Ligand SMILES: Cc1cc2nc3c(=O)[nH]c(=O)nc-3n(C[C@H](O)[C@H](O)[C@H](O)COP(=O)(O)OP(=O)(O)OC[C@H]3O[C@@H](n4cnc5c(N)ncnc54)[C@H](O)[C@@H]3O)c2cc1C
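Next up: just one chain, as structure tokens, the form predicted alone.
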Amino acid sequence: MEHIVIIGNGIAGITAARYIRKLSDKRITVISAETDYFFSRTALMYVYMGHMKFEHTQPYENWFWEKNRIELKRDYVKHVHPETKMLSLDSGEQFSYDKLVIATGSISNKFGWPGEDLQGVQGLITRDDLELLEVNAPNNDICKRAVLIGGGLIGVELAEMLHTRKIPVTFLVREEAFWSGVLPKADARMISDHIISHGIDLQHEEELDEIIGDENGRVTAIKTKKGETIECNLVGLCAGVKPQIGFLASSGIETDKGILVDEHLQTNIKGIYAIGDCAQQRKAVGERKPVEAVWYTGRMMGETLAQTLCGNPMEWSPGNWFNSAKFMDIEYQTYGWVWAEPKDGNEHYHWQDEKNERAITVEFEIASRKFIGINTFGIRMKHEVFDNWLNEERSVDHVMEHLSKSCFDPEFYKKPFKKINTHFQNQKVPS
């Protein structure tokens, strides 16, 4: 019986395991040192905030794995030996495989800052990070102030988490508005204003220079590039993530930023594959980045690879880009492409309500008026509708006229679509 070993029990690895089992009777082993069972990583913030317990983040009962003949092994893989199809585990065991799937996810970026390894300096990716946060910032008596570095989605989550425990937060972002390397300026400024309205000390165009510690090796302050010293007991590293691939250094598996894979998610070594955050496409798909640290991308890769491993070769085809997040109280969705600055030949249309709580930004081609993408804030949209519009290459005029059909907000939700369409028609939109 063919033995498939999966390194990593995140969404990519576990999805692959589940779908391989649906499609075959192959032996499946999942190896992970993080936890006994798969959990929803995106729910970690709600555990810290007291909305749920950790066991509530586990979508499957503990008996699920044995019933479905998915073997779970709690260990850490130190080395991969492709020539013998063996794994060296931290426990000292040598473990064999027939085919190998690497789904080790991401780790927090570090950029060589002085003091970045002090106690009280951490990211927020793993369960260990959550437990460490309970030590470093259990309350505002022990953690008098936290400083967060980097304006991404993990950063805004961590800011909200700490804010619920009344821990003062200083947030350093190098852009002129929050996430303005991704969001158009109007969107980014609205999110900045919203974060500041919650009492977060959001400092734009500021960067970390040094983390200062005491004689016991614990953080006491940071120094910014502009020379300001800020006393703190916690430094949150939120300046993005990178693939967790250090253990592959002498394996012969080709890596760049991530593990290089072809259109079937296979590495340069036959029978070894990589999926999820740690995978890097040799040839990027459309406008997508070669490495995508996105939850649904990992899930889709797991499903795709399961087909290939079970005799139905399938190329990686993620479809139209989409994503969603939450900035404190403002829900965000994006479909298609809305660049921070419109691409050559494109234009942005922006609408924002008077309370600065809801907004949309649409990108479209000027000459053809083809709809390229949309950002929505505080307005819930239906994935299927936008996916169809993008596939059908609808015009921006069609999308704006029928925008209300894409909304799935509650029945008594006050819908802004008449206002948006009137505003759109009154704008001197290039044609």
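The first residue of the sequence shown is number 1, and the count goes up from there. From a predicted model like this one, the values you see are computed outputs, not experimental measurements.
We do not show the form predicted in complex with this ligand, though everything after this point is about it.
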Q) Quick one: in the model of the complex, does every one of Ser32, Ile154 and Val294 get a heavy atom within 4.5 Å of this ligand? A) yes
Q.
Partner absent here, but in the model of the complex, which of 35 to 43, 64 to 72, 362 to 370, 399 to 407 has residues with a heavy atom within 4.5 Å of this ligand?
A. 35 to 43
Q | Leu305 within 4.5 Å of this ligand in the model of the complex, heavy atoms | A | no
Q: Evaluate Phe247 for contact with this ligand in the model of the complex, applying a 4.5 angstroms cut-off between non-hydrogen atoms, and reply yes or no.
A: yes
Q) Phe95 near this ligand in the model of the complex, any heavy atom under 4.5 Å? A) no
Q.
I'd like to know if Trp339 sits close to this ligand in the model of the complex, meaning any non-hydrogen atom pair within 4.5 angstroms.
A. no
Q: Answer with one of Ile125, Ile211, Ile253, Ile330: the residue that has a non-hydrogen atom within 4.5 Å of this ligand in the model of the complex.
A: Ile125
Q: Using heavy atoms only and a 4.5 Å cut-off, determine which of Ser324, Gln119, Asn268, Thr229 is in contact with this ligand in the model of the complex.
A: Ser324
Q: Within 4.5 Å of this ligand in the model of the complex, which residues of 1 to 27 have a heavy atom? Give them in sequence order, or say none.
A: Ile7, Gly8, Asn9, Gly10, Ile11, Ala12, Gly13
